[in-house]
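This document opens with one chain alone, in structure tokens, the form predicted on its own.
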């Protein structure tokens, strides 16, 4: 029993230490990031790396999210002879929840893991120490561009994902349930209010910030050793998924 309590206490303390380190990095990056120089070139480079190169997987995944949800809702609505309401039934679930959350869990986890692996490799090979030795602030040079890029790229990917999910739903509605694509689009858009679009983009911004913050923190926290980068990358994916789910719950409660 004593060992169980000690183990539980160690897990709690480790979690609190992780949250404290994450908060410290967020405060430090917020303090040094907005100072001149702004690092526009570094941010643009990271936007290409994290945003543009994530478009193919975002498009593919969002398209099939819309198709899968349309199949499920269409099958349920067919029992009541209400397949013409497929657009209304799909819109809120896709825009409010599924698209931003699943993009954060998949594309966001990929982005965070890439940051952790890159920064972890730099730490293991002492490149981060070299940056500091040359007089540059590692937080300003390495963390800030990735954090800003992830925060800006994720809501843009969410907006594009919403479009692709709409197209996927239209295709299934037209091909499988004989719902005209134009009618599906009209009912889909009419069901959505401005707050639904705002909710989707706000989730994208917050999820993107979490992705960038966790990826950078895990990279900077990488231990030395041959397996350290792999362990840090694995922990990054787990931590990102958990934080995104928790954040999604609280954001949904706030908007509702």
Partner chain sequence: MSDTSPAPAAPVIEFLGVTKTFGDHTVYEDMDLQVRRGETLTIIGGSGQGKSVCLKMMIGLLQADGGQVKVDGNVVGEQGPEGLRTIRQRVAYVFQGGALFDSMTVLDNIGYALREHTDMGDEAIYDKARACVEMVGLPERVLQSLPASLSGGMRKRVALARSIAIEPEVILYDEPTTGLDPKNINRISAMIMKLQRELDVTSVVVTHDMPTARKVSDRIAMLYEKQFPFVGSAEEMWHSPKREVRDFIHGTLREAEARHGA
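Positions refer to the first chain, counted from 1. All values derive from a computational prediction rather than experimental measurement.
The discussion below concerns the form predicted together with its partner chain, not included here.
Mapping the unseen interface onto this chain, residue 81 falls outside it, with no heavy atom inside 4.5 Å of its partner chain in the predicted bound form. Shown alone here, residue 102 lies farther than 4.5 Å from its partner chain in the predicted bound form, counting heavy atoms only.
Although the partner is absent here, residue 131 sits close enough that one of its heavy atoms falls within 4.5 Å of its partner chain in the predicted bound form. Its partner chain in the predicted bound form is not approached by residue 178, whose heavy atoms all lie more than 4.5 angstroms from it. Across the options 102-110, 151-159, 167-175, 136-144, residues that bring heavy atoms within 4.5 Å of its partner chain in the predicted bound form belong to 136-144.
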